[in-house]
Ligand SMILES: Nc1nc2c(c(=O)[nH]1)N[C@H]1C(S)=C(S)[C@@H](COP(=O)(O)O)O[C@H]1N2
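In the block that follows, a single chain appears as structure tokens, in the form predicted on its own.
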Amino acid sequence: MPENEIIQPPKINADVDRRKLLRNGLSLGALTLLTGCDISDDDIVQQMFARVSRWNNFVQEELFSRSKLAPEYPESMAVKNFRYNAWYQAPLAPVIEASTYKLELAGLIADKRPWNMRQLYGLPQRSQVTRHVCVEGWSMIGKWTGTPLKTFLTLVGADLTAKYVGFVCADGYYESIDMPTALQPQTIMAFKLSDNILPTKYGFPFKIRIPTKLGFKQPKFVTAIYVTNRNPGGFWVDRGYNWFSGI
């Protein structure tokens, strides 16, 4: 597909309830949850699924509301032994030294000076008890504490009218989200899990916690944040998963 080509969504009759039609449209993209599997080697079939995935992204973005929050639960429901999940075993998780860590900034950000752990921990923080939903079919409620990503982006002079926020991680992972999701108040830079500094295997020094997204959209071991108007894709997205992946 040419870089500047835009896939136009189907025209919607003005007499039809737009949000109802979009909700019905979600069924069209349901199969994209399976696109991590190689369904066919046929180029035509792969192109069809790519177009369905792009339509599914459009539908989900249209339905997303920055003001609609994910459910939050009483702290008593938060598990203490949160499930580990990655494409590698926990002992292989990258070990980052707090004393030398620097968070790099790039793209459409006015102040690109790197941040150290002391500066990050000095940011205002809040806690949330929310459900983590994995694309593999399991879910778990945990207590996460950290700084709203919106607060951080505002402090560093990020262009909040830009389209995307991208993340680079110490384990080779990378991910991106739309700006409305980045500005949603429950999207946080999570420094703690169950009131403890985030353990190495869960993403120290911090992970991006987004209760309105599937788990693979929430990168760990973040070492860089950038703002851009070009969709940066993501580790699993570039391997076939749906990009928006809201829940």
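Small disclaimer: the values here were computed from a predicted structure and weren't measured. Just count from 1 along the sequence shown to find any residue number.
Another form exists, predicted in complex with this ligand; not displayed. Remarks below refer to it.
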- Item | Contact label in the model of the complex: Y173 to this ligand, heavy atom within 4.5 Å | yes
- Task: Please check if F221 has a heavy atom lying within 4.5 Å of any heavy atom of this ligand in the model of the complex.
- Result: yes
- Check whether P180 has any heavy atom within 4.5 Å of a heavy atom of this ligand in the model of the complex, and answer yes or no. no
- Message: Residue-level contact is defined here as any heavy atom of the residue lying within 4.5 Å of this ligand in the model of the complex; does F216 satisfy this criterion?
- Response: yes
- in the model of the complex, the residue from L105, A93, A162, C169 with a non-hydrogen atom within 4.5 Å of this ligand is C169
- Task: Spot the stretch among 79-87, 106-114, 146-154, 119-127 with residues whose non-hydrogen atoms come within 4.5 Å of this ligand in the model of the complex.
- Result: 79-87
- Query: Does anything in 104-134 come within 4.5 Å of this ligand in the model of the complex by heavy atoms, and if so which residues, in order?
  - Reply: H132, C134
